[in-house]
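This document opens with one chain alone, in C-alpha cells, the form predicted alone.
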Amino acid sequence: MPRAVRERQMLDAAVRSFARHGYQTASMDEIAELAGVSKPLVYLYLNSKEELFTACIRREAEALLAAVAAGVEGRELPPDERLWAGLLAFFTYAAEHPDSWVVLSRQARTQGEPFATEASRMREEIAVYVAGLIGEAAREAHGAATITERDVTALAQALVGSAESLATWANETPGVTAKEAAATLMNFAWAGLGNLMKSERWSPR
C-alpha cells in the first residue's frame, strides 16, 4: 500500500480517537488498531503522539479552509451571497466531519502548545478570509466608505468566533441543520453590517 494512503488511514484513525477520548487519554494502541496497522508503524511514520496530533490539526484545518474557499470561489455571486456561501460551507463541513470539528475547536485549544498555536493559525486564516468577504460587501454597498478597515477586521473576528461557538452548539443539538445554523448567523451578521454601511451605529447612552 502506498505510504500516502497508509498515512491517511493513520490520521483518520487518530482524528477519531482524539475526538472521542481527548489528546491525553487517546492511546497509540487504539489508533494503530483503528488504522489496521502495528503501533511501531505509526511511530515510524509520525514519530510521536505529539507529532501525530499536530499532523491531525494541520490536515483538518487545511480541509476546513479548503471547504470554505470552495464554497465561495469560482462563482459569480453578489457580496451577501458570497458571505452566505462561505458560512454555509463552514457549517456544512463542521456538521459532516464532527470528529474533525471536535479536534479543531476543542482538543487543539485545550492541550497547550504547540497545539494551541496551530488552532490559532487556522482561526486567523479564516478571519482574514472572512474580512475579505466583508470588505468586498462594504466596497460595493452605498456609503461603504464609512466602514474602516478596523471595523472590517473586528467584524470578521466576531463573526468567526460566533461561527465556531454556533457550529459546536449545532453539532450537539439534535435537529439543527448546517443550513439553519448558517442562516441564523447570516441574519445576525448581515443586519449589523447593513446598519454600519448606512452609518447607523449603536452607542451606549
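Quick caveat, the model's predicted, so the values are computed rather than measured. Throughout, we count residues from 1 along the sequence that is shown.
Beyond the structure shown, there is the form predicted in complex with the DNA, which is absent from this document and is the topic of what follows.
- Heavy atoms of residue 27 reach within 4.5 Å of the DNA in the predicted complex, making it an interface residue.
- Using a 4.5 Å cutoff between non-hydrogen atoms, residue 37 counts as a contact of the DNA in the predicted complex.
- Mapping the unseen interface onto this chain, residue 162 falls outside it, with no heavy atom inside 4.5 Å of the DNA in the predicted complex.
- When contacts are judged by a 4.5 Å heavy atom cut-off, residue 48 counts as touching the DNA in the predicted complex.
- Of the residues given (63, 41, 69, 158), 41 alone sits with a heavy atom within 4.5 Å of the DNA in the predicted complex.
- The stretch among 171-179, 132-140, 54-62, 28-36 whose residues place heavy atoms within 4.5 Å of the DNA in the predicted complex is 28-36.
- Using a 4.5 Å cut-off on any heavy atom, the one residue of 3-22 that reaches the DNA in the predicted complex is 6.
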